[in-house]
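Consider the single chain below, provided in structure tokens and representing the form predicted on its own.
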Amino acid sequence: MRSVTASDPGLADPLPETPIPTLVRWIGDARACDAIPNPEAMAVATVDEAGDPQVRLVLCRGFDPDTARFELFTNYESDKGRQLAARPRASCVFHWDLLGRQVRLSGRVERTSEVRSDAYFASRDPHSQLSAWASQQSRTVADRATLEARLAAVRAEHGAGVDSPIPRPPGWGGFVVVAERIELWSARAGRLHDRARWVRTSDEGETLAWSVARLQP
């Protein structure tokens, strides 16, 4: 963890009514930091059929500050895809060690629209598009050669995306985590860190305002 500098004010006191402006600024700072190679890296935790927690790193490919929605893409038949379909809730973490900041969030999960999934898939590198067709994500494979052979077969079928676009696989698309809890953590000197949690609930389809509390570190 880097040392905290005087230029980092931490969390405001009193705390703002909503975490969104601070979160937007923090994401912008992470993206602007050349020393952070993947500022969109986000840990996503789900629960499997046995009730065991499962966590992995993905890339957050969309953040809507107006609705506090965080978007990721995957194979719907992957472990996380099936777990999110069975239990549509998730917890996520961004950790920007160089900035001394962490964001925890949790909430319900919804599928991204077909239109949005198509648009994002079309924006991907052709090699990544072909890999999405070739990989039965999370399933076992005999060896690397089998995987490479499957990729070669997919390339022969779809080309390299030059002459015609590569379509999105029917089992591939996006999920959106609609945040109901957001916790912001900012490193402070002497480990007396800044930590606050915002919570919102829904009532008959209407999303209520955030409530906020400062937490001891």
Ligand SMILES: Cc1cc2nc3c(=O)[nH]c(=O)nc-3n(C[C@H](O)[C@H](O)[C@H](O)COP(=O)(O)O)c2cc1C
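Just count from 1 along the sequence shown to find any residue number. Remember, predicted model here, so these are calculated numbers, not experimental data.
From this point on, the text means the form predicted together with the ligand, which you will not see here.
> Establish, in the predicted bound form, whether 102, 186 and 193 all lie within 4.5 Å of the ligand, using non-hydrogen atoms for the distance.
No, the candidate spot makes no contact with the ligand.
> Is residue 79 near the ligand? Define near as a heavy atom within 4.5 Å, in the predicted bound form.
Contact check for residue 79: yes, within 4.5 Å of the ligand in the predicted bound form.
> Using the partner position in the predicted bound form, report whether residue 58 sits within 4.5 Å of the ligand, counting heavy atoms only.
Yes, residue 58 sits close enough to the ligand in the predicted bound form that at least one of its heavy atoms falls within 4.5 Å.
> Taking heavy atoms and a 4.5 Å cut-off, does residue 38 contact the ligand in the predicted bound form?
Judged by the heavy-atom cut-off of 4.5 Å, residue 38 is in contact with the ligand in the predicted bound form.
> Residue 73 near the ligand in the predicted bound form, any heavy atom under 4.5 Å?
So residue 73 counts as contacting the ligand.
> Work out which of the listed stretches, 87 to 95, 143 to 151, 104 to 112, 130 to 138, brings a heavy atom within 4.5 angstroms of the ligand in the predicted bound form.
Of the options, only 130 to 138 has residues within 4.5 Å of the partner.
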